[in-house]
Structures are given as structure tokens and as C-alpha cells.
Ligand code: URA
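In the form predicted on its own, a lone chain appears below as C-alpha cells.
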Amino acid sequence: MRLDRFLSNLPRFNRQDARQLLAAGRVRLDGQACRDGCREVRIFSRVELDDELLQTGKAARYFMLHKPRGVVSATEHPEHRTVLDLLDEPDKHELHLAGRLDLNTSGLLLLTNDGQWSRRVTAPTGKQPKVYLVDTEDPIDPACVAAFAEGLYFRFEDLVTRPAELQILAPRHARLTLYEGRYHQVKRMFGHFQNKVVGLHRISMGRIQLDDLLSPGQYRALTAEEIASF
């Protein structure tokens, strides 16, 4: 909501009052005097009029979790333990996932109560790299490198995947960098070569790397630098 509309929606002010308050420099947004009525007021914004607090502003929260296999990327599930079950945080039901991992995929998972931030993380046009370690049932065909870089046709969506970078680290082990997140994308890409993915672990999203100090099931708050990277 725009700041001028926020003010005019208060019972004691109208639009003209809001403009006058802003012009007089009496309104502070997140601690700074603000005369621009077009500035956005979010649930996390602190709004003050002179010495009066109009909105406290909720604390924005951002976490990285080392998701174990066998845990569902959801806030609730009738059968499986969810990622929220791993968190010891107040009001954790207000958090949501910025991107998901399949039940048997492990690694970096981001959680937040900031919807705008999570949309930037998961935006299909964002082109933020997501890096995975992949284990396969059979040796990886070297032809996968060029095929992944060119893009593979997915008949269900009738599209060609964005170029992906595959580095074969061992006969059945590779590092894969994607720039999108299609349904079961990694498994389907290797499925083009009749090779089953038996292990999948995400190690980074954009510039956020899974903390090596986190064991499966552990989590920590993101740093200011990590938050700002999206």
C-alpha cells in the first residue's frame, strides 16, 4: 500500500491531511523522514507521525535449512514430517518456502515470511543459478554435457529447457547448474538418457551457499548479505 493511502485510511485523516502531513515532513518511514506518498508501506514497515507510532512493523525473517531426505517441503502434511517440524521458532506457521525440494532430495532450502523476497528467489525469469550434486544409477553418458547445454525438449510443457551446465565428477556423480526449476527437472533430464537419479542434493541458490556447518535438519538465519543477494 502507498504511504499516502496508508495515512488517509486512518480514521482521523483524509487524502488532503495525508498530503499535508507528508509535505510538512512529519511522517517517518522505517526511521527516515519521508515526503514521498508513493513509497510502499509493507507489513514490515515502521510508520511514525511525529512521536506517535502508527505501525510497529513485523520482523522480516529469513532462514536457510539443510533439508534431509524424507522430509516434505510443505508447511503441513498428513503422512510425513515437514520442514516446519524441524524449526524451533516462534510463529513458524507464518513462514513459507522460497522454492521446494522433492521428498527424497536434500540440501539448501530457504524459508521466510517475506512474500516479495520469496517471489524474487523463485521468479522463473530471475535466471538465478541453482546448483545440485547428482548421483545416478548408471554411469553418466558424456553426451549429457552437450545435450544439457543445448536444452532438452519437455513434451508435457512443450518447451525446451534453458541451457544447463553439467560437470561430471565421477562415473555416477555430477554437478549440475540449472537456471530454472521445472517439475522433477533433474530426474527428467537424466531420464532422456535412460539413467535414473538415485541421489540429489542442492548446494546453492543464487549466491546463497548451503552452510557447511549445518547438519541435515539444522538451520540458521540468513545474513544481511545473503538476504540482499536476491
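A quick note: this is a predicted structure, and the numbers were derived from the prediction, not measured. Quick note: we count residues from 1 along the sequence shown, nothing fancier.
Keep in mind that the form predicted together with uracil is missing from the display, and what follows is about it.
Engineer: Please state whether every one of the three residues 65, 82 and 218 places a non-hydrogen atom within 4.5 angstroms of uracil in the model of the complex.
Structural biologist: No, the candidate spot makes no contact with uracil.
Engineer: If you check in the model of the complex, is residue 101 within 4.5 Å of uracil, heavy atoms only?
Structural biologist: Residue 101 belongs to the contact set for uracil.
Engineer: So in the model of the complex, does residue 187 come within 4.5 Å of uracil, heavy atom to heavy atom?
Structural biologist: Yes, residue 187 is a contact residue.
Engineer: Should residue 148 be classed as touching uracil in the model of the complex when contacts are defined as heavy atoms within 4.5 Å?
Structural biologist: Heavy-atom contact with uracil at 4.5 Å: absent for residue 148.
Engineer: In the model of the complex, is there a heavy atom of uracil that lies within 4.5 Å of any heavy atom of residue 200, even though the partner is absent here?
Structural biologist: Because a heavy atom of residue 200 falls inside 4.5 Å of uracil in the model of the complex, the answer is yes.
Engineer: If the cut-off is 4.5 angstroms on heavy atoms, which of these, 113, 105, 128, 136, is the one near uracil in the model of the complex?
Structural biologist: Here the answer is residue option 105.
Engineer: Only one of 42-50, 178-186, 160-168, 56-64 gets a heavy atom within 4.5 Å of uracil in the model of the complex; which is it?
Structural biologist: Correct option: 178-186.
Engineer: Going by heavy atoms, what in 129-150 lies within 4.5 angstroms of uracil in the model of the complex?
Structural biologist: Stretch hits: a single one, 132.
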